[in-house]
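Below you'll find only one chain, the form predicted alone, shown as structure tokens.
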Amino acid sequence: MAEQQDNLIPIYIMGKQYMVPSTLTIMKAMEWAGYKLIRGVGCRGGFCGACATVYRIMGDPKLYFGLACQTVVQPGMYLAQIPFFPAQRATYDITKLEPTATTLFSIYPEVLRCLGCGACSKACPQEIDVRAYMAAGMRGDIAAVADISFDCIMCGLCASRCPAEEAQYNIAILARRLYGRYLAPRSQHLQERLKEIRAGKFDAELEELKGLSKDELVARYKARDIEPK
């Protein structure tokens, strides 16, 4: 604790200065400063996108983006969280759609407004080439949109920087849903296993497992056959 106290740096949270240890992430620094995080916090592991943060460094006019749970604080950091960005989000029933460019354009017509400026890509904390998948969307290439946007964590930072006011991340998840339901190759092994489950092949074994104690379950888990890598 004494070492931390000797290595404090100034940061600004919502415009107010706080002295925090230089080794902390933005999220931990906010908690150090006394903030109780209710919104803008989730998995704490960089996967959920709930802690999207925008910041500037004193003397640097550039706007920076990151996840609060992954980004380490810097001296003179001015920051504000964006746990939710009010981007356009359409309502649809995926079971009633067709995997076509017409579907994409009718649900999100703003996809055709893309300027190709790249501001969305610069804002992405996952370093996804958002501009590339938006270009694929303008071509109606749903498979390409789904592939390029696969690592999207839906933080919304791309939309916050878009001069055309598009909701890139919502457009991308529509493409991934269309691809997953209609275009992705089906696994024959999975289909066979589903048939076995529906036929009750594993019912007796599941009932046996449900009757085991925690210690028995742990022992069974440790003794299981593991598939070779």
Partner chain sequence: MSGYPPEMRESIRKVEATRARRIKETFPAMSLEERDAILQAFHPDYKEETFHALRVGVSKGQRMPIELGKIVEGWPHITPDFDLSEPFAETDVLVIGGGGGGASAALLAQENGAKVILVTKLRFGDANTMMAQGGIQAADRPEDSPAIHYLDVIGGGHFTNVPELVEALVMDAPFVIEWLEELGMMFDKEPDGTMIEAHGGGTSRKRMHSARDYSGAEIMRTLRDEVRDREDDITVIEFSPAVELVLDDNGQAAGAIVMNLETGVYSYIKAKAVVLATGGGGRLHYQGFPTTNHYGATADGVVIAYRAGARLGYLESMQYHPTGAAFPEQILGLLVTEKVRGLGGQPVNAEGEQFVYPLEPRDVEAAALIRECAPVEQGGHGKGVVTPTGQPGVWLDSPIIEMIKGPGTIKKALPAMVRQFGRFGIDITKEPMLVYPTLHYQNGGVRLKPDGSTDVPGLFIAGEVSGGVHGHNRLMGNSLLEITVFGRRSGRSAAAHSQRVKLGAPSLAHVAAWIKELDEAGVDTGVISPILLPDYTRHQ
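Predicted model, so just to flag it, every value in this text is computed and none were measured. Here the rigid core means the biggest group of C-alpha atoms that line up within 1.5 Å when the two forms are laid on top of each other. Numbering follows the first chain given and starts at 1.
As for the form predicted in complex with the partner chain, it is not shown, yet the points below apply to it.
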Does the partner chain get within 4.5 angstroms of any non-hydrogen atom of E127 in the predicted complex? yes
Although the partner isn't part of this model, could you tell me whether E165 comes within 4.5 Å of the partner chain in the predicted complex, counting any heavy atom of the residue? no
At the 4.5 Å heavy atom threshold, is M14 in contact with the partner chain in the predicted complex? no
Wondering, does K62 line up within 4.5 Å of the partner chain in the predicted complex on heavy atoms? no
Could you tell me which one of C152, L104, A136, A159 places a heavy atom within 4.5 Å of the partner chain in the predicted complex? C152
At a 4.5 angstroms cut-off on non-hydrogen atoms, which residues of 176-207 are near the partner chain in the predicted complex? List them in order. R176, R177, Y179, G180, R181, A184, P185, R186, S187, H189, L190, Q191, R193, L194, I197, R198, F202, D203, E205, L206, E207
Superposing on the rigid core, is the Cα displacement of P163 between the shown form and the other one 2 Å or more? no
Core fit, then M58 C-alpha moves 2 Å or more between the shown form and the other one: no
